[in-house]
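The data below hold one chain only, encoded as structure tokens and taken in the form predicted on its own.
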């Protein structure tokens, strides 16, 4: 039997949901694979919502909002774009970016709504069934997705993303304007660092491990693992468990779980 994906759509009330209504009234043909959640603004969609949807085994998630500049809440879709651009980068780290999409569809674009749904359904069919569905979900990928979820919930990253537009357009508290490319690099570095730290933390929640164990398990150089171990210990997220010969082992603190 051919694979028919299950797709979740988050649609803003004022534009894309109205566009979906127009598509229905106009009898625009598109695949019936999408199920819709209506939100008042696309800016209301937290990246964690998308991650949770993918983790449950849905094959794809699409977010649709008003075109940039047309948001009923002024900057809601600009804020959403910044958040979901970061989500796309995060999902790319674990090979799941093809299961997510952000689109702008206005209330008058019923035909475009049908085209977007058709294109995304075809894209997900090419991706195949969710790695988290069925009786044997991909456990390694599940751990990586959990690390992504924790990373995108981090206050440091949320603050960086929330201030991006203001700092790159209007300047920081010292009236210094940081170039967009430079600011993006700061965000990318923070994303990669927090993702690796959360991968380490998830491993240490299961059992005490040494730097060498973690390096082998995650296929990352020991020097980089040690750098993040120091950071996690400074945050009181991990501590020494024991010393085996001359090798220290670490475990996650219960308060951090």
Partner chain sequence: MGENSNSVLVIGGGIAGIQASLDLAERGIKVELVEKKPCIGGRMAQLDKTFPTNDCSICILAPKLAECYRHPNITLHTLAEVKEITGKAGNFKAKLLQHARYIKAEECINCGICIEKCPMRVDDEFDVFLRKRRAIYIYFLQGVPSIMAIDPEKCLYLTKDACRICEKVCEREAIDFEQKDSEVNLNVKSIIVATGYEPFDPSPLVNLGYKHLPNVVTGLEFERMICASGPLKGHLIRSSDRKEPKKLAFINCVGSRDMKYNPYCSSVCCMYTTKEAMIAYEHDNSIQSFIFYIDLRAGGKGFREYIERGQKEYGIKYIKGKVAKIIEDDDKNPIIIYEDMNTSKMKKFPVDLVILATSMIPNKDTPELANILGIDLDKNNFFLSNAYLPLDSSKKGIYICGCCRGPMDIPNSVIDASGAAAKAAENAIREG
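Positions refer to the first chain, counted from 1. Keep in mind that this is a model prediction, so the values were computed, not measured.
Below: the form predicted in complex with the partner chain, not depicted.
- When the partner chain is considered in the predicted bound form, only one residue from 187, 178, 94, 111 comes within 4.5 Å through any heavy atom, namely 111.
- A residue is said to contact a partner when one of its heavy atoms sits within 4.5 Å of a partner heavy atom; residue 227 fails this definition for the partner chain in the predicted bound form, lying far away.
- The partner chain in the predicted bound form comes within 4.5 Å of a heavy atom belonging to residue 26.
- Within this chain, residue 141 is remote from the site of the partner chain in the predicted bound form, having no heavy atom within 4.5 Å.
- Within this chain, residue 221 is remote from the site of the partner chain in the predicted bound form, having no heavy atom within 4.5 Å.
- Contact with the partner chain in the predicted bound form, defined as a heavy atom within 4.5 Å, is made by all three of 15, 22 and 70.
- Contact with the partner chain, judged by heavy atoms within 4.5 Å in the predicted bound form, is confined among 209-217, 196-204, 228-236, 62-70 to 62-70.
- Taking the partner chain as positioned in the predicted bound form, the residues of 77-108 that bring a heavy atom within 4.5 Å of it are, in sequence order, 106, 107, 108.
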